[in-house]
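Encoded as structure tokens, the following chain is the form predicted on its own, with no partner shown.
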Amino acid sequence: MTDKVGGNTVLVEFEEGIAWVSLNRPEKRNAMSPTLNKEMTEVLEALEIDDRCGVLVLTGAGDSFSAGMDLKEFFRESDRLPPEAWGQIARQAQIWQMQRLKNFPKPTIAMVNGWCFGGGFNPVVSCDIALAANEATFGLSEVNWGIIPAGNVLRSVALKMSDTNGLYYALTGDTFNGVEAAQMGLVKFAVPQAELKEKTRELAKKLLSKNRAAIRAIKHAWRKQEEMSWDASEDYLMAKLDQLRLTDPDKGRSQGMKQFLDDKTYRPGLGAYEKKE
């Protein structure tokens, strides 16, 4: 089923627990306009509480992931606005990319199916896991037209890529492909274009098979502990572990330990325990 949750610039298709979310401006290489940014915020808010979404896959319609921010609608037309109005438009992009998506309570996968430039890096990095087609093209082209990769794009790149690689591509504006993106740690896997959607589907199904409460707790804990000291992190993570034992409706810890220690039906390092209805 296809459901236009946010509007015409974002499409959502549901498939057995997977929400395939597509940036839908293929004629503009899915460049992100103020309208698209607003609709993506609405989509993410809706999917947080939609039971049809167990895993969110973010991709682009057509042969591109995203060419970044729309130069005409996001920059040139916004230059005519007063600073307050421009600030609202800029914040809308950050709200869905760096807040809603990064802190989405369910697993998220970026499926980079093609062209990914500039602002397109932010949602890739904000997703929990990213895959790319070997043939995808990545680039930080801002230097080629006299600006810097702003809006936290440089910060996103620095989180995933070394100074050696990140600075090279930011300073030269050169492009790189999906295979190179995987080698540099920007994405986890790169596969041939023809295999990308099936590989993504397999990963999504693997995530769907895991304990939902544990997945949510791991995601939340990962984001929060990044800025903590080692001692604070240890206290926080132990508290999260105790919280999970009390709030997990599936009682995964008890089920897993029983099946491993008593029933001898599974081994934690080789798969997941069997969920009991």
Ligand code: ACO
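Numbering starts at 1 and runs along the sequence shown. Just so we're clear, the structure is a prediction, and the values are computed from it rather than from any experiment.
From this point on, the text means the form predicted together with the ligand, which you will not see here.
Undergrad: Check Ser141 for me: does it contact the ligand in the predicted complex (non-hydrogen atoms, 4.5 angstroms)?
TA: Yes, Ser141 lies within 4.5 Å of the ligand in the predicted complex.
Undergrad: Is there a non-hydrogen atom of Asp70 within 4.5 angstroms of a non-hydrogen atom of the ligand in the predicted complex?
TA: Judged by the heavy-atom cut-off of 4.5 Å, Asp70 is in contact with the ligand in the predicted complex.
Undergrad: Given that the ligand is not shown alongside this chain, does Leu47 nevertheless sit within 4.5 Å of it in the predicted complex, heavy atom to heavy atom?
TA: Residue-level check for Leu47: no, no contact with the ligand.
Undergrad: Give a yes or no for Ala194: in the predicted complex, does one of its heavy atoms lie within 4.5 Å of a heavy atom belonging to the ligand?
TA: No, no contact at 4.5 Å.
Undergrad: Heavy atoms, 4.5 Å, the ligand in the predicted complex: which of 109 to 117, 179 to 187, 195 to 203, 165 to 173 makes the cut? Say which one.
TA: Partner-contacting stretch among the options: 109 to 117.
Undergrad: Among Asp242, Glu27, Glu227, Asp231, which has any heavy atom within 4.5 Å of the ligand in the predicted complex?
TA: It is Glu27 that has a heavy atom within 4.5 Å of the partner.
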